[in-house]
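Take a look at this single chain, the form predicted on its own, given in structure tokens.
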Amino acid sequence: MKDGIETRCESCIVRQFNSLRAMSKEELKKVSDSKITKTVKKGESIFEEGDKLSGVYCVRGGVSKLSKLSANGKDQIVKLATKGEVIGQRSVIAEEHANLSATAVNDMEVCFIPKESIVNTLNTNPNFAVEVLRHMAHDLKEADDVIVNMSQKTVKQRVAEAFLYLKNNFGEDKDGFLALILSREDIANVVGTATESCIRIISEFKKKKYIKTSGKKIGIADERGLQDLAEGF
């Protein structure tokens, strides 16, 4: 992780996507004076599960996977954090060790904001506190959905849902392949299955012409078919 280009929070459009938008101009200036902008290369760790975080990370560019290590040593990807999202917020506010690991899926730019800047503003700006609660509530809702999917949907349904999620949230490249390229192992870790099972399902989806592939790239060829499969039709 290397220090990157200096940017000012008060003029950064990224903050419109997270709780920082509730800060006053003066508060944003204080955050700007204390934060550090860093570049993170693909595959590098931002923080590890169990770390004591001294601040939060605002994603300016790129994607991070947030994952938890299970008892059998397998990673479960809980969320993909994208531009505008703040990661590490819950651990910092609750004063707990990080419950998840954050790793760069592709090259990233993040702003590290020291804990004091967040906590001080929470204590003095009710609008910021409410905004933080809203984002945490949204994360809890997403976690609820993941639990339901894991318990009630088949692996094939979850893989289909994962591809649709990647298309809807990250788009496609000019050749019609998913813009965010995940390894087969990462896809397996998103849906909660073995990598071998995921590879077999991808092969089956390709034979049925739901998807197309080119090396690591995957494209959706039959969105309606995938949608019906994901919904259990």
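Every value quoted in this text rests on a predicted model; they were computed, and no experiment measured them. Residue numbers run from 1 along the displayed sequence.
What follows is about the form predicted together with the DNA, which we do not show.
Query raised in the report: With the partner removed from view, which of 179-187, 27-35, 160-168, 48-56 is the stretch that lies within 4.5 Å of the DNA in the model of the complex, judged by heavy atom distances?
Result: Heavy-atom contact with the partner occurs in 179-187.
Query raised in the report: Can you check whether residue 193 is within 4.5 Å of the DNA in the model of the complex, heavy atom basis?
Result: Yes, residue 193 lies within 4.5 Å of the DNA in the model of the complex.
Query raised in the report: Could you tell me if residue 199 has a non-hydrogen atom within 4.5 Å of the DNA in the model of the complex?
Result: Result yes; residue 199 sits at the interface with the DNA in the model of the complex.
Report task. Give a yes or no for residue 156: in the model of the complex, does one of its heavy atoms lie within 4.5 Å of a heavy atom belonging to the DNA? Result -> Result yes; residue 156 sits at the interface with the DNA in the model of the complex.
Report task. Report yes if any heavy atom of residue 224 sits within 4.5 Å of a heavy atom of the DNA in the model of the complex; otherwise report no. Result -> Residue-level check for residue 224: no, no contact with the DNA.
Report task. Consider the chain as shown here, without its partner, and state which of 74, 79, 135, 83 has a heavy atom within 4.5 Å of the DNA in the model of the complex. Result -> Partner contact (heavy atom, 4.5 Å) among the options: 74.
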